[in-house]
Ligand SMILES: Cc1cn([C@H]2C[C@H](O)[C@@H](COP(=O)(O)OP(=O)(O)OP(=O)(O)O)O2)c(=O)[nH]c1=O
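In structure tokens, the next block holds one chain alone, the form predicted alone.
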């Protein structure tokens, strides 16, 4: 029996690094190209799960398992954007400063037979109250660029977070416990 083939439906270098932490190297990386616009009044949990499922379905990889994920930063029912410019990043930091928010990290694994498994990790994160100087320094770091909620917990932002409850790897972008569970259930050899 040959080992299953795994396609990662993501262009994120962080997801590749996280998979390597549990001894998994995808056979191919094929980023999913989908519309990631939230639906009107869509809840963050529903949006994260929908994105993971749509990404897994969007990649044409017959006879392969397709792993896809999506990470959503939310304050209440509000989904924060992936910051693309300084104004967006600053708006996210203003909103996150001194308060708790949630990070929904959904993963979907599509099997060659069409079976799709879905898991969700929910974490709570709290930023310290950020001074103008701290915000300016973080904006200058450029780490926020393209990141959900305008921050990367695996970088300089780690020094601005007063506590985390949940999955650190989920906040980075791929909850490893849930990912390992999905891959093992699909027959991938993981120690």
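Computed from a predicted structure; not experimentally measured. Numbering follows the first chain given and starts at 1.
The same protein also has a form predicted in complex with the ligand, omitted here; what follows describes it.
For the candidate spot formed by 12, 36 and 171, every residue has a non-hydrogen atom within 4.5 angstroms of the ligand in the predicted complex.
With the partner omitted here, the residue from 142, 57, 154, 135 that has a non-hydrogen atom within 4.5 angstroms of the ligand in the predicted complex is 154. Contact check for residue 110: every heavy atom lies farther than 4.5 Å from the ligand in the predicted complex. Not displayed here, the ligand is kept clear of residue 66 by more than 4.5 Å at the level of heavy atoms in the predicted complex. The ligand in the predicted complex is approached by residue 146, whose closest heavy atom lies within 4.5 angstroms of it. In the predicted complex, the ligand lies within 4.5 Å of some heavy atom of residue 73. Of the residues in 74-94, only 82 comes within 4.5 Å of the ligand in the predicted complex through at least one heavy atom.
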